[in-house]
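A single chain, nothing else alongside it, follows as structure tokens in the form predicted on its own.
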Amino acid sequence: MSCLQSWPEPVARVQHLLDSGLLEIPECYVKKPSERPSFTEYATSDMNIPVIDLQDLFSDDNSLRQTTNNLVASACREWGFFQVVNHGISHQLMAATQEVWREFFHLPLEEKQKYANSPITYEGYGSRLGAEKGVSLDWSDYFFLHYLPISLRDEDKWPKIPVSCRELVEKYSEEVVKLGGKLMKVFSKNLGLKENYLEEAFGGKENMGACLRVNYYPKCPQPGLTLGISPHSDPGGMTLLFPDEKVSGLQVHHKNKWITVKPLPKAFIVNLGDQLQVLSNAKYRSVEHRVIVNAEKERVSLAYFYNPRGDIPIKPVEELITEDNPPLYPCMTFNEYRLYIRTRGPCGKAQVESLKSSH
């Protein structure tokens, strides 16, 4: 996959900028007036993404299973985003993993810099998405790592301090990938496909892609001028997000308004990515979202990306193609697809929509 070998400009750590005592954010973080959170239109505060209880997903009662499947199908069609509770992952494990990452981001800068990343793979400690010179930067730092396929997993690239980090990441990853597999079966069945279809299209259990991006959003002295992450749809298959329950930040674009997601305790936020939009031939749609920042509180969130293996061609499923519903997207590998966002940074839904118009 062709990509820059190094960042085009010196990388500033956002947390370090804040710690230096600045009162105004640097110009490279200031968004155009039309893109600032203070300018855009919000939905009413009582609106939220759907919440789905997964405890009946594997019930012996077929009617209970079907009810849950229908709720997931509706959320996929109408929102592309939903929260899940009673998902089967230990709340203690979730909290411990989130806390160990908070500890990592509060380590001295020189310790974190040992894991500084490059645009070749993005693995490690980073502070920008987009390798083009002069791209608008977001008010966040992050850590990115591969869990699957096993051939890409390199635990030596995971933080060894705090000492429990690697063990917790391993346990957390195993559980979240299992949950992702369960949801993929539901997505497949709801599309009228065999339950393992989408997982196999991604490469199968051992060969699909699974990677973790831990987001750290420091406090911001001018939160109305910037964003933690600019508007984008996720380029992969599905994202399982464990948000910071103490402060909201994720916003979803729904019916031309931004909705601030109110996280439920111990819930995961699930959203569909561009690869599921392509495979389903737009029966499922990825949804634009962004992150706002806060003047008073930092945030830590864990985004798990459930993706196709990078070299597998992805195209609309043949069983979903008819004369009245022709394929909307060309065939492309995920490695080819994600080069766009890795080069240009977050660009709304420009990439997946441009594929449709050019096909």
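Just count from 1 along the sequence shown to find any residue number. Bear in mind that the values here come from a model prediction, so they are computed numbers and not experimental data.
The following text describes the form predicted together with a small molecule, which does not appear among the structures shown.
The candidate site formed by 241, 250 and 291 is fully in contact with the small molecule in the predicted bound form, as each residue has a non-hydrogen atom within 4.5 angstroms of it. In short, of 83 to 91, 229 to 237, 186 to 194, 173 to 181 it is 229 to 237 that has heavy atoms within 4.5 Å of the small molecule in the predicted bound form. Interface residue remark: residue 334 is not counted as part of the site for the small molecule in the predicted bound form, having no heavy atom within 4.5 Å. Put simply, residue 262 is far from the small molecule in the predicted bound form: not one heavy atom of it is within 4.5 Å. Using a 4.5 Å cutoff between non-hydrogen atoms, residue 215 counts as a contact of the small molecule in the predicted bound form. Within 4.5 Å of any heavy atom of the small molecule in the predicted bound form lies no heavy atom of residue 320. Checked against the small molecule in the predicted bound form, the candidates 30, 328, 303, 54 yield a single residue with a heavy atom inside 4.5 Å, and that residue is 303.
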